[in-house]
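The data below hold one chain only, encoded as structure tokens and taken in the form predicted on its own.
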């Protein structure tokens, strides 16, 4: 009896193959229905504002008047491209990106490599390095405004202990303000990149390390010739995400210096905010925002292409 049952069971399976067609059709509609809310959200909150920003850039709009304002054509673009404030704010944005992107990649990689080598208490290091990233930007800004405070700040006290008789005004000195904000940003956000690198390290099989050791590779050679190349995709992801995040900096600078002193820390987004909401020039601010969007998109594409080519050559 059991033998008969065993021989008839496989014959029934081919008859069940057409069923997935109906399932696939209904599944397609189900998937489309589930994606519809996201599509509507994407159109309403991304494509819609982007199109409106492009249109508003051709009008002399204002926040104190209704509608788009009067037609000015390309005048806003001419003023923006000829404005020293626009280019200086863009330069400050790029300077902040340089100060933060490279350290946030290297420090995150170093912390992940050290944590991956720890055999006990690894959870503590994961929590300690990632915890600052969970704090809101307002808390980080207040914390570092106290650390950088003149005369009573922790940074000044540490500098005096190291032999610096007259520590600089970390947020008031034009030469130190952006560096100080960048240092605070690195401490705040390094945990996000650290988690990505640590997850990528744990995906590397132990057999790879053992095979390299059997072939005579030392710790430095295994790190340089095995581990780092296998982290190529993680490095590409971290670099692109970090580049875009740094180019969009706003919160901490707005709360810690508001662009000062002498506008040396004013990034592009703060320039858009001040022209749009402080000066009330909505049309001009839309033009600057669109130009900034195009610049960030081009820089990100070039950066991504360079990293991908380097990854393929490696």
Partner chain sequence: MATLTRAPARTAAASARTGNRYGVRYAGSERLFNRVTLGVLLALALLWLAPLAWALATSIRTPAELATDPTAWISDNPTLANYREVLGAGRIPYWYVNSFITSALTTLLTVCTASLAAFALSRLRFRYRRPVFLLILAGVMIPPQLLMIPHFQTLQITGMLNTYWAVILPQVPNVVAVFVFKQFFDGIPVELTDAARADGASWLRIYWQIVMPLSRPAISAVTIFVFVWSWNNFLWPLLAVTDPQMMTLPVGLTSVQDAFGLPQAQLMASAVLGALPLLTVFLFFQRRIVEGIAGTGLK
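What you see is a predicted model; the values in this text were computed from it and never measured. Residue numbers count along the first chain shown, from 1. We call the rigid core whatever largest set of C-alpha positions still superposes within 1.5 Å between the two forms.
This next part talks about the form predicted in complex with its partner chain, which is not shown.
- Residue in contact with its partner chain in the model of the complex (any heavy atom within 4.5 Å), chosen from 86, 170, 96, 192: 192.
- Under a 4.5 angstroms non-hydrogen atom cutoff, its partner chain in the model of the complex has residue 297 among its neighbouring residues.
- Of the heavy atoms in residue 30, some are within 4.5 Å of its partner chain in the model of the complex.
- The shortest heavy atom separation between residue 129 and its partner chain in the model of the complex is within 4.5 Å.
- In the model of the complex, residue 162 stays away from its partner chain, with no heavy atom inside 4.5 Å.
- Stretch-level contact check against its partner chain in the model of the complex with heavy atoms at 4.5 Å: of 88-96, 174-182, 201-209, 71-79, the positive one is 201-209.
- Annotated contacts: 142, 222 and 269 all touch its partner chain in the model of the complex [non-hydrogen atom within 4.5 angstroms].
- Contact annotation for 95-118: residues with any non-hydrogen atom within 4.5 angstroms of its partner chain in the model of the complex are 107, 111, 114, 115, 116, 117, 118, listed in sequence order.
- Relative to the superposed core, residue 38 undergoes a C-alpha shift of no less than 2 Å between this form and the one not shown.
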